[in-house]
Each structure stands twice: as structure tokens, then as C-alpha cells.
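Two forms of the same protein chain are encoded below as C-alpha cells; each is given separately, as structure 1 and structure 2.
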Structure 1
């Protein structure tokens, strides 16, 4: 039995999502929340396997909940469920530790499939997100003055997969091109997500430390 957090402010959509989740994970226990504050309180009290988080909420951003989950329940899978399909909105959530995203307006069948894939460890990755991740790591690869910076870099294979995703190839296509199984490619994507999160967190910690040092 799975415990699932559902953070969505629109009641109709929340009901629809609930139905959908129950369809994919029939005997799961769902905690619903319409506000960031409620969700943050829930996160500290209840242990979740999966969290479906909307981004734009009346009292804040779902990214905060993703961050909090990453801190207190690292093994929880956070999935952003949003109407925004652009990387401007998605990238911060992915950096905060979201393990994939689902676009709300997609047909039920597609969402169901994506949800299943995510729970099986195969997160989606669009070309624009892939480009954003590439730019992020390329920027980090530049010589840094600060040696304290935790150096998380992508392997050649991971970079290769990212590049191909950015060019518009689907994961199965990339698998064929590299002579690898679909699961292996999915693992790479998972690694990329993980590294993005780890690196972002290290960077944020360092930034906080720097601000603390100089703010004194």
C-alpha cells in the first residue's frame, strides 16, 4: 500500500487527480491538500511514497514542498503536476529534487502511463529541459575560484543521452542509437535528475554559507 500526497488547489482537478491516482495505485492512501502551508505540515507528520505537487498555489510555490520533502523524506518521489510546460517553471522544481513532471492537460491515458513510468523509475525529459540541464552543467564546468564547490559532473554517457534528447530523439530511439536497453537509458535520465538535485543543493548550501559569512 502506497501513501500519496496530493497538493492541488482546484477542487475539480484534485478530485480528478485522485480518481486517476486510485486507478493507477488502487489500494493507496491519499492525503489531499490545497495549500502549501498544509502540505508542509503534512510532510513532517506523515511518511509518503509519492507526492504529486502543483506549482502555482494560492499561498506559494509547490517548489517549497518539493524542497522540504527532499530534506525530511529523501526517498519520497516528488512529481510536479502542472499546467506550465516551459522549462522556466519546471527547471527550479527539478533542481529542488522533483523526479519528473506531468502536464495536466494531457489525456488521461497518457498521464496514467507517465505516472506508471515515473513510479517505475523512468522520468520524462523534454528537449528544452535537457538543454537547460546541459547549460547548467556546462556553466558549472567552468573553472571555479571557489574550490569548496562540490563538483558534481555528468559522465560522458549521461551527456550523450542529454544531447540526443535535446535534439528531439525519444528515449527508445536513443537506446537503439547507443545500443542500450530502454531501461539503461531511463537509468541515465534518473541519474541526471539526481545529479541536478545534488549539485543544486550543494550550490545553494554554499551560497547560503557565503551570504552568512559576508552578511555578518
Structure 2
């Protein structure tokens, strides 16, 4: 991760987050912002590899920044870093395109470990958040066990693409690995998301896990 956006309005929290980030990505260039408007301006000017985004900000919600990054920089991995662990904040962030969701209340060592997972292609999710997401999808799937989930059928190529998306590879990287153009990979991703009824990398990673693709 060479370029990182850090959106956090409290200076002391922004300082220790910056310190943690530099421990994990020591050569990265960090752009800091305390407001949604400033972050949106940065997104139009700088290409980011990673964005760490707080949700509750003085001039709005960090979800707007996650959405903007999804639309104009789809290769950027957006990770929410927040105190909010409720469904009302979690699922809108994931639906907006967040790759991970980390709670600030955790020990710093655990946050560092979760940030390290990004380089391994794993969505950084706090344990309680991961359980909440898994429970959500489990409950969502129950009434459809014999219909939708059974009828979801991915081709071998779609499974290959989904696995790489879940591991955090960018569309150009997946294209190189599979010998296909970026636009072809983008079409595959769109089709996969439609079939699985997901809208973010985090959801795609959970579906890939459910389908047993990580064991391949």
C-alpha cells in the first residue's frame, strides 16, 4: 500500500492510527483529512491504494467517501475504522463498498494484526463484526436454502475471478493472472455480484468462503 487516505476528525485518534498504519506499511504516503468534504476533494486528486475511514464526522458520514471511492477509484480498498458496531452503520458501509470494518475500541495490537491482513488479501473485520455479518447472511439465506442458494451456479471462470476478488486482487491484477483484459474481468465481477446478490468485496469474500473457494 503506497498511498493511503486517513479520514478521522479527532487529532489524537488520527495520530495513533497514523502510527499504526506506518508500522504495517512503513513506506506509505499518508494523506490526512478531518472532514468529508476535504476527503472527497482528495479522492478527486490522488489515487489511493487504501482508505481508512471514520463514519461520524463533523460535516457528514464517511459512507459518502466510501461510495465515492467505489465509483471513481474501484481498486481502492476502503476500510471503516469506527466506534459504531450496530447494523445501522455496518451494513450501509458494506453496501457502499467497504472492504473491511474495524472497531476502534479493540487493543492496538489487534488492529495492527487486522491491517496486516490486507496485504494477505483478507478483509479486515473485527471479530464481533465478522460474527454479525456471518449471522446476517445465515439468517438471510435460511428461507432460501432450497431455492436461491441451490440455484446459484458459478462457472469455473467465475469461481476463479471471485476467489481473486475475495483475496483483494485488483481487476488489472486478476486480468494478468488469468490472461484476460480488465474490462472482461469487470464484466465477470458484475455478473458474479448479480448472481450472488452482493455489492462489495467484503460480501464477496464471505460468499467465496461459504462456497469453499479458499480451499482450492
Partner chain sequence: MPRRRSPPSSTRLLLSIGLWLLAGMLLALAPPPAAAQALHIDSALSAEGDDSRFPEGAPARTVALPDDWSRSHPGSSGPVWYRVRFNAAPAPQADDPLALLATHVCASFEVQLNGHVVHRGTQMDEPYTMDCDHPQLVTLPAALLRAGVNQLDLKVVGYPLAQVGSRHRAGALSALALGPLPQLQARQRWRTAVQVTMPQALGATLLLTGGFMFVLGFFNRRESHLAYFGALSVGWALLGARLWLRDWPLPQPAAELLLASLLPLVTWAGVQFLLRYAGARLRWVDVGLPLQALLMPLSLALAGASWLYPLVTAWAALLALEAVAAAVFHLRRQWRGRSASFWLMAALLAAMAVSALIEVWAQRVSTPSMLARLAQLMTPLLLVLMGLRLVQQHGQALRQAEAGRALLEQRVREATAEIERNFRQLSELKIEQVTERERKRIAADLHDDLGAKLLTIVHTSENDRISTLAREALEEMRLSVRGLTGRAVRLADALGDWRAEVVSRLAQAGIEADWSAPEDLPQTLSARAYVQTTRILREATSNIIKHSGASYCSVQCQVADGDFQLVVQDNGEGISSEADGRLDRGHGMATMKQRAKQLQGQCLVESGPGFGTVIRLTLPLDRALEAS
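If you're wondering where the values come from, they're calculated on a predicted model, not measured in any experiment. By rigid core we mean the largest C-alpha set that fits within 1.5 Å across both forms. Residue numbers count along the first chain shown, from 1.
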Only one is the form predicted together with the partner chain; which?
-> 1
Just checking, between the two structures and with the core aligned, does residue 193 shift 2 Å or more at the CA?
-> yes
Spell out whether the Cα of residue 93 moves at least 2 Å between the two structures when the two forms are superposed on their rigid core.
-> no
Would you tell me if residue 128 moves between the two structures by 2 Å or more at its C-alpha, with the rigid core held superposed?
-> yes
